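The data below hold one chain only, encoded as structure tokens and taken in the form predicted alone.
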């Protein structure tokens, strides 16, 4: 279960130079939303033109930071909506000071306000909330509503890498991806026994827990459809 309401977490986050913040933007209504100042300017944020990858629902940051350590020539942005969870990632980053990591506290619905069309090379979705009730299907991060958001910000042939222990969510996600016209590049229902996809796999905190209990991990890599209309923006 996710931690919440840790006293002082927002103050610590606000003081961290690795956290991208724009006061009030993360809670704005759709009608009043406007683009963040970093939108279209991530090369300036990092001071280079390296590829840009985003993890949505980064949790405590272990996965993202290991990626950043292994790939200093790639820039990473971690997104987390809970302050008390993001706090753990902030504490890790303040100790390591990885130059290719930035963090944001925000809702995933606002991605097109933060990243310009074609600005992102890859998105990671790791052990997202399954939202098991049918009425909440649109909140799942692999729903067609979210796939549309990802399609806007990804480059041509941009990819998404998705992992979950939830078989129902995985079945739903495979169907949504196919219906939305994305190309499935790789798929497995037993990641840790798949010789190809398990190669260089980085375990998340949840992945360590569930695989330690013997639960198989599902994974899917899929690619943005060709000939999209990203120039329309948001």
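As the structure is a computational prediction, the values presented were derived from the model and not from experiment. Residue numbers count along the first chain shown, from 1.
Just so you know, the form predicted in complex with ligand SAH exists too; it's not on screen, but the next bit is about it.
With a 4.5 Å cutoff on heavy atoms, residue 134 does not count as touching ligand SAH in the predicted bound form; it lies far away. When ligand SAH is considered in the predicted bound form, residue 127 lines it closely, a heavy atom lying within 4.5 Å.
Taking the partner from the other structure, ligand SAH in the predicted bound form has no heavy atom within 4.5 Å of any heavy atom of residue 176. Contact annotation: residue 81 falls within 4.5 Å of ligand SAH in the predicted bound form, judged by heavy atom distances. Of the stretches 68-76, 152-160, 99-107, 114-122, only 99-107 has residues with a heavy atom within 4.5 Å of ligand SAH in the predicted bound form. Residues of 42-60 placing a heavy atom within 4.5 Å of ligand SAH in the predicted bound form, in sequence order: 55, 57, 58, 59.
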